[in-house]
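Take a look at this single chain, the form predicted alone, given in structure tokens.
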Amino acid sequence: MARIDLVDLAHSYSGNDAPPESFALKPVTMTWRQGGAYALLGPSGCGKTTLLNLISGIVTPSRGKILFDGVDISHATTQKRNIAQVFQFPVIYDTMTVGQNLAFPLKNRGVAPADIDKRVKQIADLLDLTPYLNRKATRLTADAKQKISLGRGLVRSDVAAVLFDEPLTVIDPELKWQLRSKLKALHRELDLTMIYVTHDQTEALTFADTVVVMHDGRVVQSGTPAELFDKPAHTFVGYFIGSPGMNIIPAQVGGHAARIDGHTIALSRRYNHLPSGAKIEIGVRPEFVDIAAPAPGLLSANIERIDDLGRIRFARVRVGEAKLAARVPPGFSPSGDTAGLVFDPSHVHVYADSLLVEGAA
């Protein structure tokens, strides 16, 4: 188990002399505590698997350092890093039994047979694999095989960290939530540093204590699920997290007000010194914008459709060229194709060139 420090870590598959913007991973400095549960979240091609492979040793960084408990392991082999990695597809031996598969990493390290038996039984029990310990792995379902793969990653108690690279991709959607819950329970039980790569926000937010959001090779925000939802540091985070994502709207901002399409929206904080020449936008989640009957002083919007999600309804509306999502209050039914928008000032954020501006109280 280890604390992991990334110091100005960056990587280019085209060599260190490649243009900085072409790097698959732009420079990142951050610390992951021992025993933490982390998720690397972002769309395909954002750099999350590159970062995972740099930590595991599959890829050697172009720049910067990786420290395990203060020791520089940037150029150490995967074996010397003492990492366990679980991949997208199950990595198991079909000709072995489930028990033999789980025991294999321990046997390779010369662990005493009695200790192997004890640890295999513990992991099998945690993963609900005990009834299958004496069965050949080849006859099991895909989700059971992935459980074995997870178990092989978790069976070693001395690992510095366990890395998961989209491990639930091949699992039936109905079983994914069960395995996510199981992984969370395993983390609490085993006190291991776990890093989980995914493009699925539900997987990331339900598994991790800290979610690292990546975009275009950069870490754009790291925080708890609540922090990412309530206060996105970058417009990409606001848009990517949430369903629907945050509304991002071009605006003119000054003092305690934003102007959109000729209408003024109150802000809870004061903005008097925004960067000159920056692209200014406001961001507000659909949960904090209500549609209402058209009225003087309300921003007017054209309703394109209403999505009924059972517990909540969202209206898809248009304001000029901007498309937004807004909550339909319980019991409210629009009388036509036009509605007013009511914003909650305490949840309206201001962004300059996509970065959050704090404002003054």
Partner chain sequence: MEKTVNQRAWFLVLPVFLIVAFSAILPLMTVVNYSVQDTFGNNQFFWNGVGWFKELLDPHTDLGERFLASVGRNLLFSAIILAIEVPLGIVVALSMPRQGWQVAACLVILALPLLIPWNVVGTIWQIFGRPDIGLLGYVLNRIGFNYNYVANDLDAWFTVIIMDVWHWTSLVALLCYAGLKSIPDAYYQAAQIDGASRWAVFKAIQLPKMNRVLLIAVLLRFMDSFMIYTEPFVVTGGGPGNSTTFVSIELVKIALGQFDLGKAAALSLVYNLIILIVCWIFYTVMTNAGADRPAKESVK
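Positions refer to the first chain, counted from 1. Note that this is a predicted model, so its numbers are computed, not measured.
The discussion below concerns the form predicted together with its partner chain, not included here.
Enquirer: May I ask you to check whether Q221 falls inside a 4.5 Å heavy atom distance of its partner chain in the model of the complex?
Expert: Flag for Q221 set to no.
Enquirer: Given that the partner is absent here, does T78 sit within 4.5 Å of its partner chain in the model of the complex, heavy atoms only?
Expert: Close contact exists here: in the model of the complex, T78 approaches its partner chain to within 4.5 Å, heavy atoms only.
Enquirer: Give a yes or no for K184: in the model of the complex, does one of its heavy atoms lie within 4.5 Å of a heavy atom belonging to its partner chain?
Expert: Although its partner chain is absent here, K184 would stay clear of it in the model of the complex, with no heavy atoms inside 4.5 Å.
Enquirer: Should R285 be classed as touching its partner chain in the model of the complex when contacts are defined as heavy atoms within 4.5 Å?
Expert: Result no; R285 lies far from its partner chain in the model of the complex.
Enquirer: Which of T97, S74, Q201, T210 has a heavy atom within 4.5 Å of its partner chain in the model of the complex?
Expert: Contact with its partner chain in the model of the complex is made by T97 alone.
Enquirer: Though its partner chain is not shown, can you say which of Y239, Y132, F229, F104 has a heavy atom within 4.5 Å of it in the model of the complex?
Expert: The residue from Y239, Y132, F229, F104 that makes the contact is F104.
Enquirer: Would you point out which of 271 to 279, 87 to 95, 253 to 261, 212 to 220 contains residues with a non-hydrogen atom within 4.5 Å of its partner chain in the model of the complex?
Expert: Among the listed stretches, the partner-contacting one is 87 to 95.
Enquirer: What are the residues of 148 to 186, in order along the chain, with a heavy atom within 4.5 Å of its partner chain in the model of the complex?
Expert: Going through 148 to 186 in order - heavy atoms within 4.5 Å of its partner chain in the model of the complex - the hits are R152, R156.
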